[in-house]
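Take a look at this single chain in structure tokens; it is the form predicted on its own.
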């Protein structure tokens, strides 16, 4: 049974369960909460449906304000305009450093009461808890952890040609050569800036190692961007981009992911949200595709965490907002949401045996002491919006323009990430 059928059956079960609610409760209108987000692909919509169902079962209603656009750039613009117009949503998908920016403007509602009641500090991963806590105040409800440094490959193509997932770049080059010799495109690609930045930061982590990655991305040491390791990562980025042989085109991430399903490409470098999309289309991570860490990043987890912030507005729905925060972090919702989103739960008390093979590897890597946990630049975990956008634009220009040298790209990156 594919994921869509399973989802439909779950919804029927919830609808049936609601019929047994006592008459007066059934007649009461569920309280609506206006939620702004950018989850609009097939798997993302299924994940949102899971959240809606869990809220409805608890007497609440998710009023959808979905803004299309990969990476969330359009959604952030809409949120800004709504705030300026005096009509902020009740809930907004705010992640990483943007959380603290909005909190500093006095727009984010604290969730310490919820966090204390649910013992978040004892049940959430410390990295996640630190991410949603600012100056001692809990400012968001975490939903799931995405692994950015993910290489997804088509199991059928690999089995047909006797290939195994590459663990290093020498193996990757050999795999690419064998695929090309058989007329199979080695790597699906998109020239959207945020997707190029996603590939590059995974390359960078493997090329320079976690200590220098932190200097470059977290500490933003500008001179470090001029060192030889960055040149190697940039050279590798351009090589990967040229593997496709395509003229520059900005394809949606879902189109690049579909290349794996259609076997028009054998691999794609993408966060594990691509896994969720493949599953939404009926593919199985056990039979049809597999996930591996990017070459050179074994036992490393380059992460992005989905979070929802409760915003102050004139609606005065504080109790409902707190209830939503409580529900999305609860174990049943965590398992239901992340199973279809492609991400993994933010909780430490999950039984990894209940996760698919891709999710199990991601969750276990994140949970194992001593493994490297690195925040994503491209997905707002390690830099402000302006820096993220500037880096992505430089990498986009470098990837599609053969006239820009690696030295010039390094110089521009060093200027873009300098500490304010």
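Since we're looking at a predicted model, the values are computed, not measured. Positions refer to the first chain, counted from 1.
Although it is not shown, the form predicted in complex with beta-D-glucopyranose (BGC) is what the next lines describe.
Enquirer: Heavy atoms within 4.5 Å of beta-D-glucopyranose (BGC) in the predicted bound form: which of the stretches 57 to 65, 357 to 365, 389 to 397, 38 to 46 has them?
Expert: One stretch meets the cut-off, namely 38 to 46.
Enquirer: Exactly one of 340, 151, 233, 95 has a non-hydrogen atom within 4.5 Å of beta-D-glucopyranose (BGC) in the predicted bound form; which residue is it?
Expert: Selected option: 95.
Enquirer: Using a 4.5 Å cut on heavy atoms, which of 102, 225, 194, 172 is close to beta-D-glucopyranose (BGC) in the predicted bound form?
Expert: Among 102, 225, 194, 172, a heavy atom within 4.5 Å of beta-D-glucopyranose (BGC) in the predicted bound form occurs only for 194.
Enquirer: Evaluate residue 275 for contact with beta-D-glucopyranose (BGC) in the predicted bound form, applying a 4.5 angstroms cut-off between non-hydrogen atoms, and reply yes or no.
Expert: Although beta-D-glucopyranose (BGC) is absent here, residue 275 would stay clear of it in the predicted bound form, with no heavy atoms inside 4.5 Å.
Enquirer: Would residue 295 count as a contact of beta-D-glucopyranose (BGC) in the predicted bound form, using a 4.5 angstroms cut-off between non-hydrogen atoms?
Expert: So residue 295 does not count as contacting beta-D-glucopyranose (BGC).
Enquirer: Does residue 88 reach beta-D-glucopyranose (BGC) in the predicted bound form, with heavy atoms at most 4.5 Å apart?
Expert: Contact check for residue 88: no, nothing within 4.5 Å of beta-D-glucopyranose (BGC) in the predicted bound form.
Enquirer: I'd like to know whether residue 301 contacts beta-D-glucopyranose (BGC) in the predicted bound form, with contact meaning heavy atoms within 4.5 angstroms.
Expert: Residue 301: no contact with beta-D-glucopyranose (BGC) in the predicted bound form.
Enquirer: Taking beta-D-glucopyranose (BGC) in the predicted bound form, which residues of 370 to 389 have any heavy atom within 4.5 Å of it?
Expert: Only 379 sits within 4.5 Å of the partner.
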